[in-house]
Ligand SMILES: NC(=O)c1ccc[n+]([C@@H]2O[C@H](COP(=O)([O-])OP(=O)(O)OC[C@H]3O[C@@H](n4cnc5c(N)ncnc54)[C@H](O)[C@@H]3O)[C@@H](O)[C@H]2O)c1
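Next comes just one chain, in structure tokens: the form predicted alone.
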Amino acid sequence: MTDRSALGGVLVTGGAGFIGSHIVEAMHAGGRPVQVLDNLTTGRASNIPRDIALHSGDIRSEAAIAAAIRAAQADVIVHCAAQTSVERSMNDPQYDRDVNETGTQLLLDAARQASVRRFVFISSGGAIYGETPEPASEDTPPSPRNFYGTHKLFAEERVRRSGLSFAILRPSNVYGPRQRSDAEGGVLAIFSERIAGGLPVEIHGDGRQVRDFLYVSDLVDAVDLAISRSENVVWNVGSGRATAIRDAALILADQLGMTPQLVFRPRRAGDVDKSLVSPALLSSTGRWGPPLALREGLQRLTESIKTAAL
């Protein structure tokens, strides 16, 4: 991780959630002052170290945002807070827009007023690019197939127009400890939860759909690099490796020492056959990667599951 001892404070929105808490944990371990803004709708206070200041508030509240930025003396904002359920975005697109687009704009406005140096936005690769017959590069035209992806894309445009120094990160399917099974891209969280519980694993379609799975620590490393840079960047953050969903379930079951019961259901509207991003631009910095291999990442995930069960 970057030496942070001489750097200013960081405010992580959504810092009690899955991705945000791992970022907070790494910042804290590296000695950088870090605080959290989270409404705890999906995040948990127990996900962050006890000596980290947690501001309970919503990114749709100008007062909550301003107070958290002041308290953190934020030099950098890492914006993870989001509505991440694709299904909910389709059922309630206005709520999704309020959180993912309007909330981002309120945060940008406050960051500009507070002269924040760097704004790092956690967007979405899989939701923004849609179907990717070839690994998507940052120049691949966006083709979101749900409101979640659409509003994330609109939020990106707001970041670009903000006048702030920014980094937009487009991760693929992130997985790891503390991930909720109802989050966007959370298929491995669902599989691990059901396999560990001896429950049937439902796969929509034939299981040959391809995904790009990224262990959460690789995204944390990309955030760390993004903070250290000054130029405006858009980076895909993925493994660049294609894995069939069915194969991922079988690897998980093997590492958990379980025999999985796979149940195949009809395909869901809006699902894509292939979601894969190229991290070549990020890798070309020479300061990121190679990403963790899936088997090693799943081994870390299953070890955390077994530890939690003790």
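None of these values were measured; they are calculated from a predicted model. Start at 1 and count along the sequence shown; that's the residue number.
The same protein has a further form, the form predicted in complex with the named molecule, not shown here; the description that follows concerns it.
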Original post:
Does Y148 make contact with the named molecule in the predicted bound form, using a 4.5 Å heavy atom cut-off?
Top reply: yes
Original post:
Does at least one non-hydrogen atom of N39 fall within 4.5 angstroms of the named molecule in the predicted bound form?
Top reply: yes
**OP:** Would you please decide whether K274 lies within 4.5 angstroms of the named molecule in the predicted bound form, comparing each non-hydrogen atom pair?
**Re:** no
Original post:
Going by a heavy atom distance of 4.5 Å, is W288 a contact of the named molecule in the predicted bound form?
Top reply: no
Subject >> Contact residue in the predicted bound form, chosen from Q209, N173, T132, S239 - any heavy atom within 4.5 Å of the named molecule >> reply: N173
**OP:** Name the residue from L107, I122, A222, V76 that puts a heavy atom within 4.5 Å of the named molecule in the predicted bound form.
**Re:** I122
Original post:
Counting only heavy atoms and a 4.5 Å cutoff, which of 280 to 288, 24 to 32, 247 to 255, 59 to 67 contacts the named molecule in the predicted bound form?
Top reply: 59 to 67
